[in-house]
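Quick heads-up: it's one chain on its own, the form predicted alone, in structure tokens.
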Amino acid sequence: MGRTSDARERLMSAMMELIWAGSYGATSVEGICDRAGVRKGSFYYFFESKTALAAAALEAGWEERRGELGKIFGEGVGPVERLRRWSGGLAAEQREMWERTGRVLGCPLHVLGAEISTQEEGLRRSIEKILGEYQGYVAAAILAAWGGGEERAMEAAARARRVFAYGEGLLTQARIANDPGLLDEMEEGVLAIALGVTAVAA
């Protein structure tokens, strides 16, 4: 069964690694167990299906990411600097992954969401919920940069959606070209869309 203390966590980690680098459809229970070093019987002790594992892995990954975002977007940091740190961090993460694996992998949420959106409604809803919360951090930073004001909250949320559309498009281009250099413009593009300023001016 493997070490029961961390078998569940290793299964979730293996699941996300495999679907991020490959695809959800091509990832099998056997492959997940092999990557995690866990017996197949133990898989079904923790999860009833691959879908259930994916849902749990998404939630666990989001909990971890939420903690990171709390630091990046903390109130002790100016709103422009929050956006700068976040967008620069995205590019740095992809470059680190490229150096380690030889591939630009893009955003795991969007990669998985695009694949399963017409097949796995439960997973689609989970990803949609996470992305909505994620965009909330960016919207809050935009609103803070404008000096607050609830009357502008909807406008800030719309800007955040456009920022995500741009960021995901750039990540997808870098994934297709397998070129992390394409992400060097991430910070400037995010600031331009979010606040109408260039990275230099900010």
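Heads up: residue numbers just count along the shown sequence, starting at 1. Quick caveat: nothing in here was measured; it's all calculated off a predicted structure.
Quick note: we don't show the form predicted in complex with another copy of the chain, though the next part is all about it.
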| property | result |
| --- | --- |
| Partner-proximal stretch of 32 to 40, 47 to 55, 65 to 73, 163 to 171 relative to another copy of the chain in the model of the complex, 4.5 angstroms, heavy atom | 163 to 171 |
| Partner proximity in the model of the complex: residue 84 to another copy of the chain, non-hydrogen atom cutoff 4.5 Å | no |
| Another copy of the chain contact at residue 110 in the model of the complex, heavy atom, 4.5 Å | yes |
| Close approach of residue 180 to another copy of the chain in the model of the complex, 4.5 Å, heavy atom | no |
| 4.5 angstroms heavy atom contact with another copy of the chain in the model of the complex for residue 91 | no |
| Residues within 4.5 Å of another copy of the chain in the model of the complex, restricted to 107 to 124 and counted by heavy atom | 109, 110, 111, 113, 114, 115, 117, 118, 119, 121, 124 |
